[in-house]
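Next up: a single chain in structure tokens, the form predicted alone.
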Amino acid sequence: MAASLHAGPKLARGMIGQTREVIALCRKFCDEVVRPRALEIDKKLHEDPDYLDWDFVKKANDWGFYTMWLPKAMGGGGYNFSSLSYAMEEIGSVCLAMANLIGVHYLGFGTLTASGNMRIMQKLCRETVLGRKNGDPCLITLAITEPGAGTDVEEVDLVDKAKLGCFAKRVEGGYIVNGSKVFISNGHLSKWHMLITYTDLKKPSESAVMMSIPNGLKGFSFGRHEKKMGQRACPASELLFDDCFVPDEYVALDNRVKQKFSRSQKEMTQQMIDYVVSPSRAAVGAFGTGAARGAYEAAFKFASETVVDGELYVNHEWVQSWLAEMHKNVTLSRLVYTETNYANSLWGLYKDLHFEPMFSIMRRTPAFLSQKLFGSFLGKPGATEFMRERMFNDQSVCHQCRTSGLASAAKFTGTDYGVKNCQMALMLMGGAGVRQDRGAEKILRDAKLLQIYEGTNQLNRLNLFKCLIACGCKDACVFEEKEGGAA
């Protein structure tokens, strides 16, 4: 049965009105901030790849986009997390790079949330909220990809075969970390980095450690800033760790915690990964929907203003068929990420915050009162223990597979349709499609990246098979090494 049918009678009705508020705000932000600068910044970064668009980050901070989806009890706006996907589609339909400058912040925060460490969550939320008030943005990012391991690190059946090099050695009072992380979105723009590293590089699936790394920590530094063809405004950074001592106060989750639960270390690692990627892959699917929509809108505008053979282009029957096909692609990709959001609301990382009466209580309680009532409790060990008990023991394997499988479907459906619509737009627009000032070629450059990050689309198809299909055949095998080395 569809997750939307399960969710319909259970989810808070106020989420709909709240989502409308988010969409209206994003459209205004696009008109006033994103659209006037998207092509200009892309051109500037073509000429100077090391440029960092701090001005956009400060404007997004001023508009509240870095605190809007943080919990109200921790000083954030308390908006339902599903509405973030609609925001990413709206902003992504104009510029995917600028949408990612906002979205990646919540990938970092979502990763921290998956650790259940309420003390560190509260600390980083307070700094982010203070950063908004002071006009000094405090962004969080996720550092997991390594030079020898990309997609592999998002699947426990693959990570043990990956060429990992970032190693954490347990010492008194913390860990010493050595190694590097690469392609870290927003790295140079962020103040906190959620680092995933390992205490045993031969068995990383059973030895993952999550740490929060602040800028300025001794032994931590930034490396190069990658030169990219697409999403240029969102920097992809290299992070370097050289005998970096990370005290226990910055350790969000390690095996000392995971061994308290009934699942194995490997199963706990996969559950933590699924808690992160189930909403983040839905958001990337929304990025792809935004790309599909942006390409459709560029093609429709061109067809509405251009005359071919004495007749308006949009009145040619084949053009109408193409535009209809592109519109369908937008609609279908949006439906899949919406279905995934329903699954996440029922069984995922934010399930408790999306249900009545919790949602209504938090929405109607003034922010200062919410922080006063819950703030002192959230920083105590009991809050973390309660959160971890809810997260790691209350989610069934079946529900974990439903959310993860649907998230993969949202990811490759939205991003493949995004690229497909870009290709159709360029063919429909002819020579005008490759002109920089028309914007269509930029959307294609930006969209191609979507098929790679957050797990390649090939991995996501296999993950969907593993989660939703393989159970129908007792002899089905996924991610197993074949003769000759191919997986």
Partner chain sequence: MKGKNEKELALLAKAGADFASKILAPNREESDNFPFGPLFTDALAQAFDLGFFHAALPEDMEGFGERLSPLCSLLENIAKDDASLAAIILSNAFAQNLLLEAGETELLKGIAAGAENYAGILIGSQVFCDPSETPPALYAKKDGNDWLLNGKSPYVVLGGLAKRVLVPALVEKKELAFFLAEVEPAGISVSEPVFSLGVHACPAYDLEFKNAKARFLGQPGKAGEIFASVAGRMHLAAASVLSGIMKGSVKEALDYAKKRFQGGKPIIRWSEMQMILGGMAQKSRISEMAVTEACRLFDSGDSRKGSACLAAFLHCAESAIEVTTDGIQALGGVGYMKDFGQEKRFRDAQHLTAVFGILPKKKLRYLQKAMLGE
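Residue numbers count along the first chain shown, from 1. Treat the numbers as computed from the prediction; the structure is a model and nothing was measured.
Missing here is the form predicted in complex with the partner chain; even so, the following discussion is about that form.
- Of the heavy atoms in V307, some are within 4.5 Å of the partner chain in the predicted complex.
- In the predicted complex, the partner chain lies farther than 4.5 Å from every heavy atom of C26.
- Under a 4.5 angstroms non-hydrogen atom cutoff, the partner chain in the predicted complex lacks M362 among its neighbouring residues.
- Among residues of the shown chain, L426 is one whose heavy atoms approach the partner chain to within 4.5 Å in the predicted complex.
- Comment: 231-239 is the region of 252-260, 266-274, 118-126, 231-239 lying near the partner chain in the predicted complex, near meaning a non-hydrogen atom within 4.5 Å.
- Contact check at 4.5 Å (heavy atoms) against the partner chain in the predicted complex: none of K72, N80 and M88 pass.
- When the partner chain is considered in the predicted complex, only one residue from V336, A149, C244, I213 comes within 4.5 Å through any heavy atom, namely A149.
- A heavy atom within 4.5 Å of the partner chain in the predicted complex is found for one listed residue only; from R390, K227, K202, K380, this is K227.
- Residues of 28-47 that come within 4.5 Å of the partner chain in the predicted complex, judged by any heavy atom, are D42, K43, H46, E47 in sequence order.
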